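The chain that follows stands alone, in the form predicted alone, written as structure tokens.
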């Protein structure tokens, strides 16, 4: 029986199958008690919708942390995703110190950019603070855009293994135990995940679907966290998460009306099977 407790800190986009509406069910399905700390509440995510509401919950977060400390509540892992403001990064770093069990894992998905651009509402000051959060992490899961922003290495749409290795080494210098670079593609028909750990780089490659989907980074990071907490190695967890994310996209790609996320729910059994 797995009695581990995971805290995930990221926004609630009420519609859109991303962030906490993905993380909570996926990590729970992995058999892990899942607690949440919302960083913001949005009516829907910001990718593809015409407009949205945004409620910043920065001021609420320290009070929630205070109550957890008073109650002696602690977590076996803390996984962070989309954070609503730069101020939240210091709050999260403090929660790492006060609410993580000895030996607990700190997993950071620096969710702030993709396809060469920052998400709406973020700037380079936020990137600088996110780099500091990565310094505090055990595992970081950036895509190539986020890696470029954090390291200061120029972003490229096409690249080779030497470029990726340079990114991975510079990210590792920040201090995480493992660097997981997602969406690494050396040719049009394939993509994959790079795992850089203990000075060595490995690559898990799989075929590339012709259509991308919103929220797949959150699906990936959530399933990676679930696999890691099941005792899988970084490489095994990266592979399981990649295979599951592909299944989610495959389950969605033929439905043109479902452009805002992936139908991850119907294939959760695939993830559970991979874990067991």
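Please read all numbers here as calculations on a predicted model, not as lab measurements. Residue numbers count along the first chain shown, from 1.
A second form of this protein, the form predicted in complex with a small molecule, is not displayed here; the remarks below concern that form.
Under a 4.5 angstroms heavy atom criterion, identify the one residue in 249, 42, 32, 36 near the small molecule in the predicted complex.
Checking each option against the small molecule in the predicted complex, the one that comes within 4.5 Å is 42.
Could you check which residue among 82, 75, 139, 196 gets a heavy atom within 4.5 Å of the small molecule in the predicted complex?
Exactly one residue meets the criterion: 82.
Specify the contacting stretch among 226-234, 66-74, 239-247, 212-220, defined as having any heavy atom within 4.5 Å of the small molecule in the predicted complex.
Careful reading of the contacts points to 212-220.
Indicate whether the small molecule has at least one heavy atom within 4.5 Å of a heavy atom of residue 155 in the predicted complex.
Although the small molecule is absent here, residue 155 would stay clear of it in the predicted complex, with no heavy atoms inside 4.5 Å.
Given that the partner is absent here, does residue 186 sit within 4.5 Å of the small molecule in the predicted complex, heavy atoms only?
Outside the cut-off, so no.
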